[in-house]
Ligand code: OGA
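Encoded as structure tokens, the following chain is the form predicted on its own, with no partner shown.
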Amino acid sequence: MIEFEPLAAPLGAFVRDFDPAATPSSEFVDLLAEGLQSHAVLVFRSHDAKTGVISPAQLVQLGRAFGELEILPEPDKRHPDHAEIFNLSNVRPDGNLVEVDEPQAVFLRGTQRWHTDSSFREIPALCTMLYAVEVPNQGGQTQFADMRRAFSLLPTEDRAEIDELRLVHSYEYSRGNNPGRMEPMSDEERAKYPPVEHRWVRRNGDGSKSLYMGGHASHIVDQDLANSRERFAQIEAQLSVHDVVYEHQWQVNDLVVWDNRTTLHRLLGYDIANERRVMRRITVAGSPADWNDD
């Protein structure tokens, strides 16, 4: 049975004795859910180049053991055989690397902002699973920030104020805020993904509180946009200063699972036009029972 070994970092743990070929049992899922709540980021790493491989089908099987899987908004980035898999890659289907100004490259650069996956949904994501197929020689790490710890480090008066506020999360805003050229959303897409409101401070199942914000957060409800975004930037700028961040250096066949409810994450830059980076991502949908947003 799996065991957790805490990382030498502010958050996260290695998962030991994981067999990707085994069908996930209910006991395994319960243990993994407990580990996710405790450690927020779980790292599966095998040093065997053969047994460590996780196939697309196995990745989907693991995700489905936790619940329904999201189908993400960008259809051109979905895996051809498994629509639940989102290909985070700078490699075109023909095998060539993208140009720096292509929408695919622009989208990838957008993930370099702190964010939490699917916060633009009425019921946001539970967790994300990201599997490394190819990694660049330099750069391309993923950073994770413990937003429970970040909330606890705020001055008392700021915690009291923020605890009463709500944020507008918008896919149209975050997509339009990407650094470069992307196609504008259609009327159909805007209708499918309208802006939603969430509490700035999330109440977690273990009784803790965490800041719920990131790149999809457009502004504080009933407050000025510029002032809202300045406040977001001030908090995000303090994450590394206060040592609440784990930086994952990817190896081929790594699988990292993180809790979207209590963390923010971001990609660190790499040479998108010259270095291959191929990642497979699935996102486990949240549930109304889990999302206490009252």
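Just so we're clear, the structure is a prediction, and the values are computed from it rather than from any experiment. Each residue number is its position in the shown sequence, starting from 1.
This next part talks about the form predicted together with N-oxalylglycine (OGA), which is not shown.
Engineer: For the chain shown here without its partner, which stretch in 223-231, 63-71, 25-33, 262-270 has non-hydrogen atoms within 4.5 angstroms of N-oxalylglycine (OGA) in the predicted bound form?
Structural biologist: Stretch 262-270 is the one.
Engineer: Sort through Leu97, Leu88, Leu126, Val133 and report the residue having a heavy atom within 4.5 Å of N-oxalylglycine (OGA) in the predicted bound form.
Structural biologist: Contact residue from the list: Leu88.
Engineer: Which one of Ser208, Asn177, Thr111, Ser152 is close to N-oxalylglycine (OGA) in the predicted bound form, taking close to mean a heavy atom within 4.5 Å?
Structural biologist: The option sitting close enough to the partner is Thr111.
Engineer: Using heavy atoms and a 4.5 Å limit, would one call Asp117 a contact residue for N-oxalylglycine (OGA) in the predicted bound form?
Structural biologist: Because a heavy atom of Asp117 falls inside 4.5 Å of N-oxalylglycine (OGA) in the predicted bound form, the answer is yes.
Engineer: Examine Thr142 and determine whether its closest non-hydrogen atom to N-oxalylglycine (OGA) in the predicted bound form is within 4.5 angstroms.
Structural biologist: Yes.
Engineer: Would you please decide whether Arg276 lies within 4.5 angstroms of N-oxalylglycine (OGA) in the predicted bound form, comparing each non-hydrogen atom pair?
Structural biologist: Looking in the predicted bound form, residue contacts with N-oxalylglycine (OGA) do not include Arg276, since no heavy atom lies within 4.5 Å.
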